[in-house]
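Before any questions on how it binds or moves, here is one chain, the form predicted on its own, in structure tokens.
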Amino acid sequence: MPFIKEIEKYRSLSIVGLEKNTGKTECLNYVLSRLSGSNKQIALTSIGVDGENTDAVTKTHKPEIEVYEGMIFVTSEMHYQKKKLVAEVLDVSTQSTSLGRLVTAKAKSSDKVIISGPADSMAIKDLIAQMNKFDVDITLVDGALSRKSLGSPAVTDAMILATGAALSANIPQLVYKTKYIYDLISIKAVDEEIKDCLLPIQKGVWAIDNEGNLTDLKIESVLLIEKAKDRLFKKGNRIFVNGAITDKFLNFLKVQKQIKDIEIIVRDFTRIFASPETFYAFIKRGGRIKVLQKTKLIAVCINPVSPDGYCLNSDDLKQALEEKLNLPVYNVRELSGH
């Protein structure tokens, strides 16, 4: 399978669903089954279950993931205790998540496990780095694009996107929404020098002048931009926003007379919560957006069936997406012979 070979080039990969029921777990299970035959040491974790969802998650059905003998997996104590396979514990974290500490274990048999991992981006990044001591070649991260999550799938080197009828039952609309996420993932990264300066900043809105000096604009969030618009461009037109970018903020920037000189820097593409229309209008007017952390999208998987049973034509959807994205698109069910 071409994209399995592609995966083997990267140290870390996230598989991300654009919506619930777009086939992310099925895609992940397919990737794991194909990688189980390779000579690479595979590790698997997930972007954590956030606190407020804990009860809902433990009560509702969370799909299980097939882990194969020899693979390493990281999950919470609570989910580790429910595993169906035999495993050897390699490490137990000092930090706790809402579901207990994180257990790193090596599968001694193949079976199903529920995976829940670190809750924020820094912890995911650290975890991927720690996998070196277990001689891991590729760390897979079960991800999600969620406003609730503090963890971003953009911290992995590469990404596979799962999309499908659950996102829209109309092919042109589904393609439009998926293409928007593709365009966000494709946003260029800032140069390394600026990235190193900005990565440690955890809050606020900052200006970067022509010499590369940083100034804290003392604006806690772009949501408060109305009150602070006089201060925003005092130190130049390059602005780093640590939090989310919204329609309101981009609409405000779009009407500035120096729009063509404005460059907004965000941590990664998951911080852009603007609608496609607003985002494209900002770019069209000459505004620029860059990211600190960039990931490479290597494939798209589709699930043509929606949760309420509506079914799109898989070939039409695949063709429409491939034309727009210029990327390989796969129906995992067809690949696995379902």
Partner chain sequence: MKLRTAISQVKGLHYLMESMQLQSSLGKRYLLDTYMMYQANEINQELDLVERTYTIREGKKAGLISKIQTKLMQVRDIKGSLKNIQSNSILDDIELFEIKSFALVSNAILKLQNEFETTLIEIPDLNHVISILDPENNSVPSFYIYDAYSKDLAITRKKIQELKAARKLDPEMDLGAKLDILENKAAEIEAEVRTQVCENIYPYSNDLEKALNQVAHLDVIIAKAILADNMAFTRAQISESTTEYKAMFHPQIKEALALSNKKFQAIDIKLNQSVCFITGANMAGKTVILKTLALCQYLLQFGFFVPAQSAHIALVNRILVSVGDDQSEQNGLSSFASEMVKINEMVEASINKENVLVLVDELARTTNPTEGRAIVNAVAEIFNENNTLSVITTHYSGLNKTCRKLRVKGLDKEFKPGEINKNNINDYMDYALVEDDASWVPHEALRIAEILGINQQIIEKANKNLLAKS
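Numbering follows the first chain given and starts at 1. Computed from a predicted structure; not experimentally measured.
If you look for the form predicted in complex with its partner chain, you will not find it shown, but the lines that follow are about it.
Proximity to its partner chain in the model of the complex, defined as a heavy atom within 4.5 Å, holds among 255, 89, 199, 129 only for 89. Residue-level contacts in the model of the complex: of 235, 101, 125, 179, one residue has a heavy atom within 4.5 Å of its partner chain, and it is 101. Residue contact with its partner chain in the model of the complex: residue 110 places a heavy atom within 4.5 Å of it. Taking the partner from elsewhere, residue 68 is found to have a heavy atom lying within 4.5 Å of its partner chain in the model of the complex. Its partner chain in the model of the complex comes within 4.5 Å of a heavy atom belonging to residue 80. Comparing 180 to 188, 164 to 172, 81 to 89, 219 to 227 against its partner chain in the model of the complex, the single stretch with non-hydrogen atoms within 4.5 angstroms of it is 81 to 89.
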